[in-house]
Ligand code: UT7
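One chain follows as structure tokens, the form predicted on its own.
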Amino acid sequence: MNPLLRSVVTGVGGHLPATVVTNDDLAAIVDTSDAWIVERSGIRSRRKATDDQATSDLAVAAARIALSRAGRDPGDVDLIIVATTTPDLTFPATAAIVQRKLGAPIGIAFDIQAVCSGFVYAMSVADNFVVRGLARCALVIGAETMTRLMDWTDRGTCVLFGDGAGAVVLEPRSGEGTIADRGILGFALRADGTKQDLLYVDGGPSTTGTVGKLRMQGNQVFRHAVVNISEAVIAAADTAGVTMSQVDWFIPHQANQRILEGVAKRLGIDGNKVISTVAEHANTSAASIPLALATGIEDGRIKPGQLLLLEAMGGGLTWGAVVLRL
């Protein structure tokens, strides 16, 4: 591996289904209210894919935007990684379906399943391909149709999730080996399978033969999230050689506004440096970080050259963080 080669984000894109589901809409089908949801999560609305929209459709839409902004087209792509917990099919990989729908050439395509942490995991995997010269134009996509996993009688979970996709293009660029380099500078990944019962889906091909529904112990997840994410963030920052004060933007997984604020406070990050889209997007699992990144770039807050800190925690439990300079 060439230590001076960096994986640089050259394009970012996000895509949301057109259908908006408000808290009042949910209050019509489950025992909840707008005030109850906002107080506990900060969520006001979420997007829902139509019956004929698959996860791959959302992924392709986001990927096309990211490629256009990178000045690339599908013919340039040689690696596609899709982070998703809601694949189109048990197999083939959603990434292979995305490859076909994009019209990308024969290359490497596979999925990563780390639930809400999937995009962070996928970025670290893609980084290893790029810096080793095995990929020249990598698409890293987080895409989910989480509403397909909801138990619409469970107000503790069905109000929290939404559908969407976000994508980034990673390309190799030479660096000086300093924190001034553009690209991925450090990451930390974690998993603890003993915490499975805190957040899981109660079905699968080899157990029930069904898709299953999402189950969560919300209070326990919150407690582990703030402590565990903070540790991984500090580890990633140490690997990159940066301090929290040097971070321009904190882009967390959009699980819950209280978790976002709790982690930022624990890390000593100014709330004005936090990109939050949870109010409009809800929790889109692996799609939430790239969607938030796309939002921050599109509205002008996030600019080239700035130092970004990404983090997430999901079922497994899995969690992790990435430090990069845009």
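Numbers follow the displayed sequence, beginning with 1. Everything numeric in this text was worked out from a predicted model, so none of it was measured.
If you look for the form predicted together with oxa(dethia)-CoA (UT7), you will not find it shown, but the lines that follow are about it.
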So which stretch, 27-35, 271-279, 289-297, 53-61, is the one near oxa(dethia)-CoA (UT7) in the model of the complex (non-hydrogen atoms, 4.5 Å)? 27-35
What I'd like checked is whether Gly218, Ala255 and Met313 together line oxa(dethia)-CoA (UT7) in the model of the complex, meaning each has a non-hydrogen atom within 4.5 Å of it. yes
In the model of the complex, the one of Ala236, Ala114, Met123, Leu199 near oxa(dethia)-CoA (UT7) [non-hydrogen atom within 4.5 angstroms]: Leu199
Residue (of Ala232, Ala96, Leu160, Val247) lying close to oxa(dethia)-CoA (UT7) in the model of the complex, criterion heavy atoms within 4.5 Å: Leu160
Pro92 versus oxa(dethia)-CoA (UT7), in the model of the complex: is there a non-hydrogen atom within 4.5 Å? no
Ile65: heavy atom within 4.5 Å of oxa(dethia)-CoA (UT7) in the model of the complex? no
Partner contact for Phe222 in the model of the complex: oxa(dethia)-CoA (UT7), 4.5 angstroms, heavy atom: yes
So in the model of the complex, is oxa(dethia)-CoA (UT7) close enough to Ile259 to count as touching (4.5 Å, heavy atoms)? yes
